[in-house]
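Next up is one chain by itself, shown in structure tokens, the form predicted alone.
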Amino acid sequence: MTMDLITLIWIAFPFLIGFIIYLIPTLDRSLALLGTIGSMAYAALLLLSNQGPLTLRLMDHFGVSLILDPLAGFFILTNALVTMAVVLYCWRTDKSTFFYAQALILHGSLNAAFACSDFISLYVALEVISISAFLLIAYSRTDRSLWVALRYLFISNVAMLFYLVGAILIYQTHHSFDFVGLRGAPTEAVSLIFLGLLVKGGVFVSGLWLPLTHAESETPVSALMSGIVVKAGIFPLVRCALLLEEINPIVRALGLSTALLGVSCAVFEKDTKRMLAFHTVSQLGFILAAPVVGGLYALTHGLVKSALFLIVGNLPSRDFKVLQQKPIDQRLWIALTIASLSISGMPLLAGFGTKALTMKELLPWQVIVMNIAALGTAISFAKFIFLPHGEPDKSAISKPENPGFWWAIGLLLGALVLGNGLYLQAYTFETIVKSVGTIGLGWLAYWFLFRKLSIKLPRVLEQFEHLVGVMSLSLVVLFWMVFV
């Protein structure tokens, strides 16, 4: 069987399994797990193969164009592990067949987005992702979840309208929808394409829809959204930055500003899920700041952020002030600490290697900016590490009763520990001292300063009526950046 045929089967596989789930609802969990295993196997094939990038063109220059290489492999592997963890987490819950089918359709759409190298195929994949994510966000059918889901869908569709106009302008210029068509395309075309992807990915001010959406979704949906869904908008930006050297500086600049914006909000946030959501914005900036290692960073971030959302969803409260009053379950605290240390860049965990490799790809002045963001990360996650822990009150609900929770957390945290072996070249005396010093300084800053601060962040720009206005302002800024 040729690699081309294997690729086509792999793309269709999750959608086929999703359809079969409706036909055989008694096997919904097992079939959903099978779909993720198929993606994991294909990702391993991409990452371990010594062959060059696989390029497929199914419909001439009108689309569909696919590129499968190690960069796509890391994103596909992230998708497989995060979705698998969510399926395990929900294994013994009352989630319906509809939930597992939609999760697998979302999974397959994300795989397609990570394979696309033309703007029209990517547009179709992103739209299917939006619909699937909307249905999962609204799954609980409460008034709140329905509003958050509709808000997400509306903002996403508006962004995709901008994106589609940009794609049409690129076709008018080159008679092709390929990513490389950004070279020589009109300034407005590049700006419109970027705006759509920035909104989908939750980058900089264009991603201000993200905190509310991720915080108000159910725990497994939040894990999917922050762990992998937002990366559907990030991946094309990374791909374009690697294909086109003139696009690379724009993507890097957006990454730096995003990392600072997200972490600046996260250090002051008092709500656990909103803090994680703002930190997702920041970590997406790290991915964009160094596109060469963006795949590695996306994998590490997807694992740790989905684990954090699953753990936080089992704490007795979302309010840090409440959590500081009573000890949480010792086992939860240990899992929370391991994940927090990884994302902070502690040695012996995968987060250390990816942060060190990212810093090596930056210019000296960019390293200063990202060091500030790394310090903010340590301050943010000190909030979790310094929570009281021990044997909780028997009446507390912090102890998870779902056995699938520990299977999911074991998978994600185990991958973080094992993944550390991929980055052994990052271990030097300088990087170890710098990482440990940054974390230690962040802990001190939290303990003596930020722990005592009580600053409530304004949410004006997150309000629905302002989000489209923020898009318009972002478009003006992007136009200027591309023009310059």
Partner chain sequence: MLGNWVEALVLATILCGFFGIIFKKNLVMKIVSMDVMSTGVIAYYVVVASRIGFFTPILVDSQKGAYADPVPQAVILTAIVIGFSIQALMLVGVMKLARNNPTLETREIEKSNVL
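Numbering follows the first chain given and starts at 1. Computed from a prediction, not measured in an experiment: that's the story for all the values here.
The protein also exists as the form predicted in complex with the partner chain; that form is not presented, and the subsequent description refers to it.
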Residues in which of 104-112, 242-250, 265-273, 168-176 have heavy atoms within 4.5 Å of the partner chain in the model of the complex?
168-176
Taking heavy atoms only, is Val468 within 4.5 angstroms of the partner chain in the model of the complex?
yes
Would Phe464 sit within 4.5 Å of the partner chain in the model of the complex, counting heavy atoms only?
yes
Any chance His389 has a heavy atom within 4.5 Å of the partner chain in the model of the complex?
no
Trp407: heavy atom within 4.5 Å of the partner chain in the model of the complex?
no
Quick check: do Ile131, Leu135 and Val158 each get a heavy atom within 4.5 Å of the partner chain in the model of the complex?
yes
As a check of understanding, the residue in Ile372, Leu348, Leu146, Val292 with any heavy atom within 4.5 Å of the partner chain in the model of the complex should be identified as Leu146
Among Val124, Val180, Val367, Val322, just one has a heavy atom within 4.5 Å of the partner chain in the model of the complex, namely Val124
Scan 195-227 and note down the residues that get a heavy atom within 4.5 Å of the partner chain in the model of the complex; none is a fine answer too.
Leu212, Glu216
